[in-house]
Ligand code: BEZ
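The chain below stands alone and is given in structure tokens; this is the form predicted alone.
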Amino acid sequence: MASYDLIVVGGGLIGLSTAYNAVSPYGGHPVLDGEKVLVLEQDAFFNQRGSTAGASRQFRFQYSEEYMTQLVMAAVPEWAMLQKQTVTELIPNVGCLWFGDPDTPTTEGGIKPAMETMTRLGVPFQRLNCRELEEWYGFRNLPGNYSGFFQPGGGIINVPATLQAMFNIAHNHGVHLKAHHKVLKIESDGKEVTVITDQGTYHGKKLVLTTGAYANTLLEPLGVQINLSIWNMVSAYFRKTRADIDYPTWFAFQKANAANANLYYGFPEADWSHPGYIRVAPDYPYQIIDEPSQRVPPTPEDFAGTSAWVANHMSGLSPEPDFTSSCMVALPAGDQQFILDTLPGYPNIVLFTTGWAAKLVPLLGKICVQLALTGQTAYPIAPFAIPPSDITATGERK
């Protein structure tokens, strides 16, 4: 049985970014021979079952937390390096619009704290009042107290192109990319890892886990359980009824109502996914579960709030969606954005899980490789450490 220098479990955005970075000569770590790198994915690559479902994600600089905006700024040159290696534009620059009730905090932070962060860090933005939001951007029937800002550096991430670019680079460097390999168990003595799958057993020096909502099943025998919840989310595509209408990426901050959290976000038209349509989604789940096996498909009622938002507040769109999609995302139970850390007790295992992190993809893969190969990184990842309360005394210690 072959032994690898690095095994990556999970072939989504962060997993493929880890493989791509492992064989790249500009990552601040030893460059690995692709033949000594293995990626294991339980489904087909580019599948729609996990947090990489859907064709677009928002790229933005604005966060309430200063360290998050700094990470996005650090990710910009990593995106540029990846862009040089593919012909398809990965992040079309369309800008990012935040608006709504300026005093409403949400799971995405808040308008005022984000503006304060951008001001401190020198990120440009333009303040907007309700009239400007409606006249300049095509929204309508907004409450008079709504305000916001436009950040011109925002964009829309082409998820399929990003996945394909990293997959191609890894493949061209000889990385072993194995689909339909479900991991059953992981063992480690701190020096070597053994990954047992339904297709065979693999040995390696280092392991990076990027399994999202599936993390706890694999972590339990290692004595770690991440305190997370799994949100099942929906999005919908609305046909443009006016050729001249388009939007930047945007997020509407609103007070919750009796039916739901009343938070919505959207994208411009994208030529790589449903051209002629605008994607709009609620920023609240239709189902919260403890493990992926509990997932159920959305019902038509789960799209009612989104349809009502479009009908009431957006111009130039059909009020009912023609296409819908859903995704599954694991979120940390506390106030962390995501988990990125070396597994306690296992210096040769790195874990990334939970959260929305597409905007940081090429940087996070680089950090995962640095942690796995050198045990450290210069990037500020302390806010993403595994909480001590998530480390259990149960399980098998190998």
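For every residue, the number given is its place in the sequence shown, counted from 1. Just so it is clear, the model here is predicted, and its values are computed rather than measured.
A second form of this protein, the form predicted in complex with this ligand, is not displayed here; the remarks below concern that form.
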Problem set entry | Proximity to this ligand in the predicted bound form (heavy atom, within 4.5 Å), stretch among 362 to 370, 29 to 37, 56 to 64, 344 to 352 | 56 to 64
For this session: Flag residue 283 as yes or no: does it have a non-hydrogen atom within 4.5 angstroms of any non-hydrogen atom of this ligand in the predicted bound form?
Result: yes
Exercise. Can residue 46 be called a contact residue for this ligand in the predicted bound form at 4.5 Å between heavy atoms?
Worked result: no
For this session: Please check if residue 251 has a heavy atom lying within 4.5 Å of any heavy atom of this ligand in the predicted bound form.
Result: yes
Exercise. Does this ligand get within 4.5 angstroms of any non-hydrogen atom of residue 265 in the predicted bound form?
Worked result: yes
Seminar exercise, completed: Checked 269, 302, 108, 192 for heavy atoms within 4.5 Å of this ligand in the predicted bound form; positive is 108
Seminar exercise, completed: Looking in the predicted bound form, the residues of 333 to 357 with a heavy atom no more than 4.5 Å from this ligand, listed in order, are 356
